[in-house]
Structures are given as structure tokens and as C-alpha cells.
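So this first bit is one chain, no partners, the form predicted on its own, shown in C-alpha cells.
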Amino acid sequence: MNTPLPAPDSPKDALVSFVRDAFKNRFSNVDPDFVSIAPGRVNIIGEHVDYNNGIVMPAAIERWTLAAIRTRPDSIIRIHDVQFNLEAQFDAKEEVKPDTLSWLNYIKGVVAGFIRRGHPVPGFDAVLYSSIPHGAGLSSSAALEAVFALVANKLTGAGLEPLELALLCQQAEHVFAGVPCGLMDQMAVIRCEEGHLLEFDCRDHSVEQIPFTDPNLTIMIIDSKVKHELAGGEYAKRRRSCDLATCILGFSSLRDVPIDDLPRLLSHLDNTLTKRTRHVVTEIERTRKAALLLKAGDFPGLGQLLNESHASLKDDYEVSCEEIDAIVATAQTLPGVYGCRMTGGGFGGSAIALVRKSEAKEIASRIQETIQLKYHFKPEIFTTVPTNGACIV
């Protein structure tokens, strides 16, 4: 009998109970040994700078990917996705190669990473579920990687530390999913703490947990449910542009470009590279300022930085789209909104707004009404507070 899926906003404990029950339903009423769980993430500010050795400021959100796990006596890894009623398996004793199933590649890449480090992964059965919206720029892929990295870490006894796990997951995405991502997503879903934003330095991998506990402030995530096809290769193009600009300017990364010297240095670049470089350098500076403003409780100042970030992503990095621009423009005019910008890779996905909690329902309703009238679709909107990173239950 099919188990009804839980509501997307179900609390973590309810989702843990759901995947345990789903495991028993799938595997002859046998209990799982444990549940591995990882959150999605939203980046407050610091977009498209992680692969430029920049500084980012993500938060883990109250949407989750979970897997109920039971070990097997052989080397078969069998995974049942209860959400989409999909099942796949592979043998961890054989050479683990990329698969035609895109979702399985994230798991295979993690398993291959442990094997490569001398930690053969034993077989297990898994029932998988996620409440993270797919394609919304909220790191459903990093959460999936983190879930199975914790599984493999536990089953092998490898004892890899959080940074090692994040780097392994990043490598899995590079090699098995073909996405040349930075390290922000993996670090966020693994290292974030409840009630804090994670200030992460992508160059030296240092972290600072910045309190985000004002009861009057909440994070609003506006999922446009829009994904434009040109997104496929545009991420890699942006990364190549940054690498080329770095080479021309003679720096080891765009992180090293001094902002005070930016106008002179940009004169050496063509128009496209000028815009890409200007976004990265100014976005890193905005993220530095954002950390200071958050610590000072200056939410209007922080919101203004979010607005400036969106303008830069739209005009200089050119990774926004018409629908997201309309969502952001609408939100920025509403009372109770400190600031709003696109978040994630771009060309659709989600926007993030910092809003007064007491006005969140009215803000969400106004955004939905405006976008419904103009584009004939209603964005999915929810609020969240920063939550914990990945763990074993």
C-alpha cells in the first residue's frame, strides 16, 4: 500500500517517522538501523563567489532530505525513492561509474569518494525522501550528497571530519554530476548551526557562526518554480569567464582584486569580463559588510545590501530572469521587507527576502497576487529560520 506523502512543511521529527514507516512498508516490515538527514540551504548573500575563493553567508533551512538505512550482508546498495516511486541499485564492489540516472550519480559519487580514500562501503538498503523543492536553487543535490556521506562515514567507520565530507561531496558533484560547483552548498548543509548564518571563507575554509535570532525577523523563500533551459551551460560559462579575467589581471583569484583599484583594473578587460569581475569583487565586499551589519542588528542596512546584490546579479553577472526580477521588484516595494534578491545559480529558481515576521503572510500574499496577475503562475512561498546541518538520527 502506498504511504501518503507528508506536507512539505512537516517538521523534521515527523519526516523521520515517515521515512522509518516507509522503510518498513518497502522492506517486509523490518525497521531501519538509523536515519540520515540533511537540510537544504539558502544563501543570504555572496552569490557566485564561492568558486572565486570568496566569502559566502548561507543558512540551513527547514526543508530536509532523509534516508532510512539498513545494512545488508552483501555489497549491493539499493535505494528506493518513495517520493517519485523510483528504485535503483549498484554493487559497491564493482567499479562505481557515473549512471544514466542523474539523481543516482550524486550517491554513486559519494560512495566512489569513500572507496577512493580506502574505505570500501558495505551494502545497504535505503528509503529516500526529500521535502526540499527540486530546481529551486536550495541545494537539494548537496543535501542528497551529505545524507549519503554521513551514511558511508558511519558504515565504514572512516571518521571523516565535516570539511573532509564537504570536499568529498563537492568532488562527487564535479566528477559524477558534471557540475563544477564551489564548496558553499556542501559546507552549508553539513556545518550550519541552528539560529546562525554560516560565514564561510571559501579560500581558507574558515567558518564563523553568526547569530540570527531576532524573533521579529524571518527568512522568506520565494520559489518561482521557473527554470530556463539556458541554465544548463551558463554556470560553467560564468566560471570560465572568472578564470579568464583572473589570468588577464594577473591574480590567483578574483578574491585578491582590491576593490579600491577595481576601476583601473577593469580597463584591461572587455565588456563581458568587466561585468563578471565587477560582480564578484563587489559581492565579496557586500558579504563582508553584511556580516558586520547583522552583528550590529542593522537589518535595513543588511536589506539594502541584498537589493544591491540582486542588481549586480541581474545586470553584471546576468544570471537572473524576467520572472525572478518581477518577484524581487515586487517584494522590494512592500512594507516589512528589508531586502530581496535572487538566490542560487540563477535563470529561475528562488528569491530570498528578509522580512518582519509579523507581516510575512501579507507580504507573501501580495507577491503571489502580483505574479499571478502578470505571469499566470503562483510562486510557492515559505518562511524559515536557520536550522542545524546534517546529522544521523
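For every residue, the number given is its place in the sequence shown, counted from 1. None of the values given here were measured: they were computed from a predicted structure.
The form predicted together with a small molecule is left out here; the points below concern that form.
- Annotation: in the predicted complex, residues 310, 323 and 331 none come within 4.5 Å of the small molecule through any heavy atom.
- Checked against the small molecule in the predicted complex, the residues 54, 58, 40, 344 give one hit for a heavy atom within 4.5 Å, which is 344.
- When you look in the predicted complex, the only residue of 77, 254, 184, 165 with a non-hydrogen atom within 4.5 Å of the small molecule is 184.
- Just one listed stretch, out of 27-35, 332-340, 355-363, 42-50, contacts the small molecule in the predicted complex at the 4.5 Å heavy atom level, and that stretch is 42-50.
- Shown alone here, residue 129 lies farther than 4.5 Å from the small molecule in the predicted complex, counting heavy atoms only.
- Using a 4.5 Å cutoff between non-hydrogen atoms, residue 235 counts as a contact of the small molecule in the predicted complex.
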